[in-house]
Structures are given as structure tokens and as C-alpha cells.
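Here we start with a single chain on its own, the form predicted alone, put down as C-alpha cells.
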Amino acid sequence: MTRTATTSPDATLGAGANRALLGAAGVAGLIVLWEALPRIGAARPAYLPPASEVAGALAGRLGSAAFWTAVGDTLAAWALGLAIAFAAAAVLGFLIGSAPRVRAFTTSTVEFLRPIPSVALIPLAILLYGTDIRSTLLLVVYAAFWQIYIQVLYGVADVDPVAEQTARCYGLGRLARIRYVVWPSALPYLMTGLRLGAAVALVLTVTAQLVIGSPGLGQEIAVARSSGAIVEVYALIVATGALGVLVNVGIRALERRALRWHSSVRGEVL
């Protein structure tokens, strides 16, 4: 027998507030520990400056136009690479996943290409495009594509066969079955892939800028490191982490909106 339990809105808000408080306490504890370690001599300030000095350097960066230009370059490369990967992975995932023979034909190729780390493609990207933004896009698209594509394949394979057969009996064509049967089943997987791909895309964007030297926060970190400005390096790393948090919050908000009909978002447990 299937039993349905519904979480009240007050309980959901209370759980969310508790998680936020615990998260804030964790961040505060990390900052206190970071400030204390160089102060008490447990770490050399030359390599681990106190959190207060890093915060001051970051505040100075926030007033710099060059900093926001670097943030814009990073976000532009990340968004463009993720958009290309999302479009390619969604289209190919639905087409190949809906054709079992084509999926079987391509499985070995996918399993060969997917484990190749994107950083291994850095020499190829430099050879093809130099320090141009296309080098960064090559790495970002490659890394994010597999995260989304594999999730779409899982989503298409998870379609209820009874629903599929019922749609066929009612005479729905291939496109109509994808629209009304496959798409609702695969959408949660697609959004999970987008969330995973967004995080990986940001990591690869900063890595490419750091190693290749294309404009962005990664390049700023490389310049600060080569100049021996350790405090600036830490400040830029903190800024990169904050950017990652904002990206994750934004993608989760998009996921909740796209899946507002889904039980996992509505707070219902079946």
C-alpha cells in the first residue's frame, strides 16, 4: 500500500531556517579558525595570511573596475560554455536515448570519451586557439556536456513502459511521445545534469584562465601569484568561491521553478 505524507509549510520553513543557521555557524567557525592559525603561529602568515587581511584585500578589489571586468569575463565564458553543452547534450540525449539501437551503438564510444579529463585537452586547446576564449570554451563544453548527457540518457531510460505503450495505443507520434511522456520523466534528470554541469563548468572556466591565460578571475590569480601577492591570491580565491556559491544558488532556484510540480520540490514524500 502506498502512503502519502505531506510536510507542512511551517515545518519546511523551520527546517530551512535551521539549515541556514547551521551553514552560517560553519562559515563563522571556519573564519575564526583561519584568523587564529597565523596569529598563534600554527601557520606562517607569509603562506596563510589572517582572514582579516584577506577580507581587507578583497574589499579593495571590490572597488576596482578591473576586478569586475574579470568577473564578467569569467561569467561570460562559463555561461556560454554551459549553454552550448546544455543544448548539445539535451538534443543528443533525447534523440539517442529514444533509439535503443543507436544508444547501444554509441555506448562504447561514450565510455571511451567520458573519462578523459578536460585538463588533458589543455595542450590541444592552446594549439588550436591559443589564449583565445575559444580555448576556455572547448574545455568547459567538453566537461559539462558529459554531466548533462548521461543524466538525460538515464532520464529517457526511466520512462514508465506502461505510459509509453499507452501513448502508442492512443496514436501519439514520436515527437508527441517525447513532449508528453519522455520530457516530464526526464526533466528532473536534466535539471540534475544542469546543476552538476554548472559547477564543473565554473571549475574548468577558472582552471583554463589560470593555466592558459585567457581573461578572467583565473588569470588574475595567476598574475597575483607570479607577483608574490599572497594576500591578493587568497582574496581572489575567496571571490571565486563566492561566485561558485552564487552560481549554485541560481541554478537551484531555476531547478525549483522548473520542477515546481515535482514531489521533491513540493515537499511531498511518496
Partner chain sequence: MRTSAAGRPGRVLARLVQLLLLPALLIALWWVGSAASGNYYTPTPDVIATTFGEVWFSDRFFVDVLPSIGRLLLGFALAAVLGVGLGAVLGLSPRARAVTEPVLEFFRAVPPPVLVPLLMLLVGVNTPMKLAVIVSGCVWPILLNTIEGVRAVDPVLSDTCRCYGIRGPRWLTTLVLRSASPQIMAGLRQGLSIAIILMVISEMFASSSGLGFTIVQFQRSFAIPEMWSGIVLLGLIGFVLSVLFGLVERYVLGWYHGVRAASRGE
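Treat the numbers as computed from the prediction; the structure is a model and nothing was measured. Residue numbers count along the first chain shown, from 1.
Only in words, not in the display: the form predicted in complex with the partner chain, which the text now covers.
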Next on the checklist: Would all three of Val27, Arg225 and Ala242 be in contact with the partner chain in the model of the complex, where contact means some heavy atom lies within 4.5 Å?
Outcome noted: yes
Next on the checklist: Partner absent here, but in the model of the complex, which of 82-90, 162-170, 179-187, 97-105 has residues with a heavy atom within 4.5 Å of the partner chain?
Outcome noted: 97-105
Item to check | Arg252, heavy atom within 4.5 angstroms of the partner chain in the model of the complex | outcome: yes
Item to check | 4.5 Å heavy atom contact, Leu175 to the partner chain in the model of the complex | outcome: no
Checklist entry - With a 4.5 Å heavy atom cut-off, would you call Leu75 a contact of the partner chain in the model of the complex? => result no
Next on the checklist: Arg19 versus the partner chain, in the model of the complex: is there a non-hydrogen atom within 4.5 Å?
Outcome noted: yes
Next on the checklist: Where, within 213-242, is there a heavy atom within 4.5 Å of the partner chain in the model of the complex? Residue list please.
Outcome noted: Ile221, Arg225, Ile230, Val233, Tyr234, Ile237, Val238, Thr240, Gly241, Ala242
